[in-house]
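Below you will find one chain, with nothing else, as structure tokens; this is the form predicted alone, and questions on how it binds or moves follow later.
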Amino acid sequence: MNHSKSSAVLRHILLLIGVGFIILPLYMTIITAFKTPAENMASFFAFPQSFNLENFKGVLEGGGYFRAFFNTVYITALVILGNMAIMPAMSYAISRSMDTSRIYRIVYYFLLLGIFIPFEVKMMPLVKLMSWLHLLHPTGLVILCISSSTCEAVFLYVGFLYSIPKEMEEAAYIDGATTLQTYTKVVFPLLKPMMATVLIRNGLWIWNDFMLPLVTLNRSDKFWTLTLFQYNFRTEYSVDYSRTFAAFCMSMLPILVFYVFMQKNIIGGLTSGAVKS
């Protein structure tokens, strides 16, 4: 009995520590956004003396924030739509053919290798290739993000497709359906849990990504995303933390609300595709 109580106390302590690690950065982000530079210099953790909105006004001045917001929405939306159109179909072809075709097996395992390659290893070759193709702009980044998300998406979709009974497709073929009709009418609707998982994960990654926009879009402020917009609130010798955190609060809110409403789909999709039948 004492052992179980000790375990419960330890779990609660660990949970409280975890909550602290989550709450503290949010607290610092919010209070810094409302503080003046002088208050930040005095104490980074202290509560602001008054809720100063000048930082938010400074962020909105000049129209740079709205241009960055549009670029971020443009890139995120097109990548999500591209993933929705390409990845499920590609994964369906691989999952249903790799057991009988050596070529499909090679393609699948080749894509799996891409999961283990760090971005830092392929960063410079990617930038040089994008520059050679004249794709250092938001549309080029869309193409790069879709290709970069292929390996993980195929891995998740293929694992999920193995849990879908093939008898359902065979019944559709017996009824006279073509392969395209079977995919669109039978298989594609069943992929919604995993599709939600993949799209939300990619949406969170692209919205918050800093490194890819930095190496591909930083040559012009017309191409900046929200992360680059926040990054450039600095000079050679100092950083305007108040405006940086104000911009971060404004850009964080849409994707945070999106995640809160869709987190059940992430958990459900990963759980459904975790076991290969």
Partner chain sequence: MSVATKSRETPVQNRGATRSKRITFALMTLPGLLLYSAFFIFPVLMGIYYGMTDWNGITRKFNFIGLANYARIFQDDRFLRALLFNLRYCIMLTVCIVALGIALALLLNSKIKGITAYRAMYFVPAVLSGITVGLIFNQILYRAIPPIGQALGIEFLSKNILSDPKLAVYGILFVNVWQGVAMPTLLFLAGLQSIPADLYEAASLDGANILQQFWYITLPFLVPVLTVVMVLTVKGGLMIFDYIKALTDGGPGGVTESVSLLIYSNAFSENKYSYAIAEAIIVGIIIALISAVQISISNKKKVD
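Numbering follows the first chain given and starts at 1. Computed from a predicted structure; not experimentally measured. Throughout, rigid core stands for the largest set of C-alpha atoms superposing within 1.5 Å between the two forms.
One more form of this protein should be noted, the form predicted in complex with the partner chain, which is absent from this view; the next part is about it.
Using a 4.5 Å cutoff between non-hydrogen atoms, residue 21 counts as a contact of the partner chain in the predicted complex. Using a 4.5 Å cutoff between non-hydrogen atoms, residue 185 does not count as a contact of the partner chain in the predicted complex. Among residues of the shown chain, residue 44 is one whose heavy atoms approach the partner chain to within 4.5 Å in the predicted complex.
Using a 4.5 Å cutoff between non-hydrogen atoms, residue 148 counts as a contact of the partner chain in the predicted complex. Scanning 77, 168, 86, 196 against the partner chain in the predicted complex with a 4.5 Å heavy atom cut-off leaves one residue, 86. Contact with the partner chain in the predicted complex, judged by any heavy atom within 4.5 Å, is made by just one of 81, 73, 190, 129: 129. Annotation for 202-220: interface residues with the partner chain in the predicted complex are 204, 208, 210, 211, 214, 215 [heavy atom within 4.5 Å].
With the core held fixed, the Cα of residue 227 is displaced between the shown form and the other one by less than 2 Å. Core-superposed comparison between the shown form and the other one: the CA of residue 250 exceeds or equals a 2 Å shift. Core-aligned CA deviation for residue 31 between the shown form and the other one: 2 Å or greater.
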